[in-house]
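Presented below, as structure tokens, is a lone chain in the form predicted on its own.
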Amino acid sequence: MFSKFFEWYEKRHDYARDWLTKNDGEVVGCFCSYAPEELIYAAGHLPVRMLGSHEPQDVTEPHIFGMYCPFCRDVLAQGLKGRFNYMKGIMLAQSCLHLRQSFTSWRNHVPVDYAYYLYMPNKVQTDHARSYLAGELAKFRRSLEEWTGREITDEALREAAEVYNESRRLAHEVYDLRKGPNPALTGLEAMVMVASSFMVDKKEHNAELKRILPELKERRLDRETGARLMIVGSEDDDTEFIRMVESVGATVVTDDHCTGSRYFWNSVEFTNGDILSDIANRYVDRPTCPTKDFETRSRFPHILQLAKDFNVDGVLLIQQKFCDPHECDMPPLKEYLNENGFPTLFLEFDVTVPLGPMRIRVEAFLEMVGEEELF
């Protein structure tokens, strides 16, 4: 049922090259889920979230510090190796220092025709964030128009936002099917469903979701659900890790990370006013990552509500090694979840994950969760 999403995910470069032969646009790489993809899509281009390969590499050392997170180094390695040589444009909406270095090195050392750095507010909790971001989106719009020589009309922006809103609504429908005692899909399938949407034309991805949803709603998995787990943390599209977790007596039923629900959780709300302001509001209001969640940690109640809504037994706190924002966030988040009755296990990720040692830790955690349920 999910074979098309796995195909898109695993053959992402083939898909992008094929898209270029069929469309009068370019592929634009996005370094972060805060990238306002609606503008790129409205300009007739294909926004593609760049992910790593989960393979060892030795090409980034002259470009980026070894103490920067494995994800940003892995992403840069893909560019330096020419894996994205079909990509003519790149853009980054300000997120963390590490990804900014990946973007800068890519812009300086990998041939591209267009590179744009968008000044996304770090402090989204201020009253000025919305108007500021709307102004930055206007600059980005003009920059895209200058690059392509095409006007991006308000109508095109609204149409793009509607396509993206439909994608978000459909993703919610799929996630809702994981709330019951017998989820209709595994965590691995959910992860690949979301990750493939980063790389595929949203209209095509939406059509496939609408095709499978009726059957998915009637689906019964031939496996025990086991412990219901939630993943919280930094970027994760490591399919082998999720496959391992779900092979030892568990099912991942929900998540809060930027390659999961944070990407699609809220939609653009149309106010019959300025469309750029509507899009800006969506990105300010979306579930935050730790780079933008201060002074109040507003994301903690959202994470707790997810754990309750999906009837979670335990939470895997995952963090890319050396990820400073999440390193600061994990200790209070762990305490917060524990105090609210949700046991946690902290796991640190590298480019490649040592599945053997992590399996032992996950199994021990599942035993602990099972023992707690007996009392």
Partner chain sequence: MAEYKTEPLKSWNKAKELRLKYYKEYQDAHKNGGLRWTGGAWSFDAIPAGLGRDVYNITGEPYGASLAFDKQLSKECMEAAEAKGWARDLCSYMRNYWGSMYLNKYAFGGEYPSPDFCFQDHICCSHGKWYQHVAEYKKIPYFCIDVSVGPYEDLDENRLMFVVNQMHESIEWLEKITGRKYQDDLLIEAVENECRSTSAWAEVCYLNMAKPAPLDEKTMYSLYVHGTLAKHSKEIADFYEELRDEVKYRVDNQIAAVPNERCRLMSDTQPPWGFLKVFRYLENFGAVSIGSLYTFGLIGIWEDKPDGTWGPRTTPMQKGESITTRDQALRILADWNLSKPEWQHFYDPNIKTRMMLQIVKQWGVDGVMLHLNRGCEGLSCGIMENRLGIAEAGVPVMTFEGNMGDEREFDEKRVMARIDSFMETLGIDMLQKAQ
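Numbering follows the first chain given and starts at 1. Everything numeric here is computed off the predicted structure, so don't read it as measured data.
If you look for the form predicted together with the partner chain, you will not find it shown, but the lines that follow are about it.
For the three residues 166, 206 and 310, a heavy atom within 4.5 Å of the partner chain turns up in the predicted bound form in no case. By the criterion of a heavy atom within 4.5 Å, residue 322 is counted among the residues contacting the partner chain in the predicted bound form. By the criterion of a heavy atom within 4.5 Å, residue 302 is excluded from the residues contacting the partner chain in the predicted bound form. Interface residue remark: residue 96 is counted as part of the site for the partner chain in the predicted bound form, having a heavy atom within 4.5 Å.
Contact annotation for residue 350: none of its heavy atoms lies within 4.5 Å of the partner chain in the predicted bound form. Taking 100, 262, 141, 88 one by one, only a single residue has any non-hydrogen atom within 4.5 Å of the partner chain in the predicted bound form, and it is 100. When you look in the predicted bound form, the only residue of 225, 105, 266, 281 with a non-hydrogen atom within 4.5 Å of the partner chain is 105. Between 106-114, 144-152, 166-174, 194-202, the stretch whose residues reach within 4.5 angstroms of the partner chain in the predicted bound form through a non-hydrogen atom is 106-114.
Using a 4.5 Å cut-off on any heavy atom, the residues of 270-301 that reach the partner chain in the predicted bound form are, in sequence order, 290, 291, 293, 294, 295, 296, 297.
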